[in-house]
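Shown next as structure tokens: one chain only, the form predicted on its own.
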């Protein structure tokens, strides 16, 4: 039996259980593009259920549709057909403005590129994200959340540093803190260790595991790396736009 299949068969007793309310559901999800006279099917009938508090890795080779799936789950792209339901809200029934608001409230994104504002400090980057996601809510609550996240992610001593003064792993942990500042229902991470060396990869994965365990955060992690996928409770395999294992 291959190591990929062995990992995909790992389960915890509560992960994927029907008793756990769904944070995210897809049904017969298709995404197609027109390239010249050819239809390219990036997603082919994806059915996926992710329970609240699950940590799921979606793994497959480059070009298999992983990132397209994540962007569709996060409402950044619309499917050609099928449905995406996030915390009971069907994205197909929402206007563009409503999808944007749902994304702002319920989803946190971490990408391969850190995308931090270089002129802002660590805390400044978090404060900006806080304003965008939460508006002008309690300053006291925001300050408490920032301190909790910086402490949880081992960044408390770096709060006054700017991105250029941090290592790649530290910058990605700042990006993770930024994605969590508004207490999202779901964290979507697209190849978050793709730009990191092995040591920083291990550090970021440890932080994701800690966020999952201590905050109960629902996490969907996209990766092509079997070693990265091992951090998750459950591994979903993709090939040619379809789910091989859920």
Ligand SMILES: Nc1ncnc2c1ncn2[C@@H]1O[C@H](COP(=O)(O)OP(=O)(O)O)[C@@H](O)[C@H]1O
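Keep in mind that what you see is a predicted model, and the values were worked out from it rather than measured. Positions refer to the first chain, counted from 1.
Keep in mind that the form predicted in complex with this ligand is not shown, yet the notes after this line are about it.
Asker: Taking this ligand in the model of the complex, would 30, 79 and 85 all count as contacting it (heavy atom within 4.5 Å)?
Answerer: No, the whole trio is out of contact, none within 4.5 Å by any heavy atom.
Asker: Taking the partner as it appears in the model of the complex, which of 47-55, 200-208, 180-188, 62-70 has residues with heavy atoms within 4.5 Å of this ligand?
Answerer: Comparing against this ligand in the model of the complex, the contact stretch is 62-70.
Asker: Though only this chain appears here, would residue 42 touch this ligand in the model of the complex if you measure heavy atom gaps against 4.5 Å?
Answerer: Yes - in the model of the complex, heavy atoms of residue 42 and this ligand come within 4.5 Å of each other.
Asker: I'd like to check something about residue 37: if you look in the model of the complex, is any of its heavy atoms closer than or equal to 4.5 Å to a heavy atom of this ligand?
Answerer: Because no heavy atom of residue 37 falls inside 4.5 Å of this ligand in the model of the complex, the answer is no.
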